[in-house]
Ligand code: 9J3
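First comes one chain, alone, set out as structure tokens in the form predicted on its own.
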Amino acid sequence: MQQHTRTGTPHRAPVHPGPARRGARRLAGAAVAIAATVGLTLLGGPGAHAADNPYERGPAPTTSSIEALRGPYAVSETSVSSLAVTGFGGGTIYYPTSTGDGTFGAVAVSPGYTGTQSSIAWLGPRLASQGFVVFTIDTLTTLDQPDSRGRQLLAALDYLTERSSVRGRIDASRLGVMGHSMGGGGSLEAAKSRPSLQAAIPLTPWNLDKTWPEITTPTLIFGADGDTIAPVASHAEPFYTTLPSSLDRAYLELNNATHFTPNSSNTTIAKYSISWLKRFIDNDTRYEQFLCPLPRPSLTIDEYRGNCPHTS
């Protein structure tokens, strides 16, 4: 929350200026008014432009734009061989084709236990078309545990920003992680290990570690009401409730869903993931409207918890 400090001026006896001084004061007052108008514009008041936030990408969002299968950016992709990298199993990079808007934030996404990148591939073009570079990865083995997957997500981000063919398109200070199941548990591990991450989104996450008070990265956790592999009562819910209460955090429990719901194109997952990534990786407060006030239960949302307004 912003803090406002009240300042005052010392008391002085009234002075009655002559005509010349009154004229000078009127000119000074006009200058102050102009400066105030300019300042209001720069701070987001009337006449503010998207350039006021240098990380904003794309047009002003609407419900239909964030629920669409594709956003405003055309997307290209490139494959990364496991033989060309160390620390993870390669993957596919999806990125906005245009270079006219400058650099973009980036997100690495891990599959779950026994899964490959194909199980989370739908997120690549869907998120990238909204203005992100997205790296859906394969892991070193399909049986890797969450702590390993967390390290692999970070290795993938390092490759993306330091060695990849699209590194020039990425702002290395604006990075996030996502993951499904053990990859979701891995995204929590990654956020714990690297506090500089701007966003984490675990999807029906699994982890033997149930408490996450160390995390300082804004985190949105998706659970599923019908999950029998990582039941929300022993995974997603305690993960959420043990995050610091001061953290920008949210818990969305999908209605009529299973552990594997994140493996298929899903509008609810996409809508709120896009809003979370935009809000915290891009600092784009235009997306706050979709997160606060808290979404209400619906045909696709069983429950939503979180803190509003967001402070980051």
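Numbering starts at 1 and follows the sequence shown. Computed from a prediction, not measured in an experiment: that's the story for all the values here.
Beyond the structure shown, there is the form predicted in complex with the ligand, which is absent from this document and is the topic of what follows.
May I ask whether 112, 229 and 259 all come within 4.5 angstroms of the ligand in the predicted bound form, judged by heavy atoms?
-> Yes, the whole trio is in contact, each within 4.5 Å by some heavy atom.
With the cut-off set at 4.5 Å between non-hydrogen atoms, does residue 206 touch the ligand in the predicted bound form?
-> Within the cut-off, so yes.
Does the 4.5 Å heavy atom contact test between residue 181 and the ligand in the predicted bound form come out positive?
-> It does: once the ligand is placed as it appears in the predicted bound form, residue 181 has a heavy atom within 4.5 Å of it.
Which of 161 to 169, 95 to 103, 72 to 80, 181 to 189 has heavy atoms within 4.5 Å of the ligand in the predicted bound form?
-> Result for this chain: 181 to 189.
Can you tell me which bits of 56 to 86 touch the ligand in the predicted bound form, meaning any heavy atom within 4.5 Å?
-> If the 4.5 Å heavy-atom criterion is applied to the ligand in the predicted bound form, 56 to 86 yields nothing.
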